[in-house]
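Here we start with a single chain on its own, the form predicted alone, put down as structure tokens.
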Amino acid sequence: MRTLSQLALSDEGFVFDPNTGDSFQVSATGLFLLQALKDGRGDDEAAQLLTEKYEVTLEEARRDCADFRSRLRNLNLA
């Protein structure tokens, strides 16, 4: 399985996987989460960071992280 650390991210949310040549676009929140996960932060820490950056509860942030991680797994990226 590929690792998140290999993904190339642009400030605009463009994501490139150099292993496959695939690319996709993520929202500002998705980019924030991808960067946190790419930096080695766990889901709990990423959720906490979301609450600090955006006006969401920890419960909402945890749900968002779990959903995002699931989408990454579907793309074989996590």
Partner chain sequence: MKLAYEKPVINKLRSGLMNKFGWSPAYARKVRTNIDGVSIDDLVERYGSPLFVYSERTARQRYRQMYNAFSTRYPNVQFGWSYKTNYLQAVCALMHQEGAIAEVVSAMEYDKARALGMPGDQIIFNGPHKPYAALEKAVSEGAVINIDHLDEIVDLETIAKKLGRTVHVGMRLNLDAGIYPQWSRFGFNLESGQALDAVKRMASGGKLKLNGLHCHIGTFIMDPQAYAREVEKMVKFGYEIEDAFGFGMEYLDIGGGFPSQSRLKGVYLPPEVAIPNIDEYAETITTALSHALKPGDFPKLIIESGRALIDEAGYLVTTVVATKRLVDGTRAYVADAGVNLLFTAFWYKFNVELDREAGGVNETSVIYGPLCMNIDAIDEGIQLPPLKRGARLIFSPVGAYNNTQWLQFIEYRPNVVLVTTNGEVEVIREAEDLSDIQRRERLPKHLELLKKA
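What you see is a predicted model, and the numbers here were worked out from it, not measured in a lab. Residue numbers count along the first chain shown, from 1.
The discussion below concerns the form predicted together with the partner chain, not included here.
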>> Under a 4.5 Å heavy atom criterion, is Ser70 part of the interface with the partner chain in the predicted bound form?
In response: yes
>> Considering non-hydrogen atoms and a 4.5 Å limit, does the partner chain approach Ala78 in the predicted bound form?
In response: no
> Is Thr29 close enough to the partner chain in the predicted bound form to count, meaning some heavy atom within 4.5 Å?
Replying inline: yes
> Hey, in the predicted bound form, does Glu52 get a heavy atom within 4.5 angstroms of the partner chain?
Replying inline: yes
> Does the trio Val56, Glu60 and Asn74 actually contact the partner chain in the predicted bound form, every residue with a heavy atom within 4.5 Å?
Replying inline: yes
>> Under the 4.5 Å heavy atom criterion, name the residues of 11 to 26 that approach the partner chain in the predicted bound form, in sequence order.
In response: Phe14, Asp22, Ser23, Phe24, Gln25, Val26
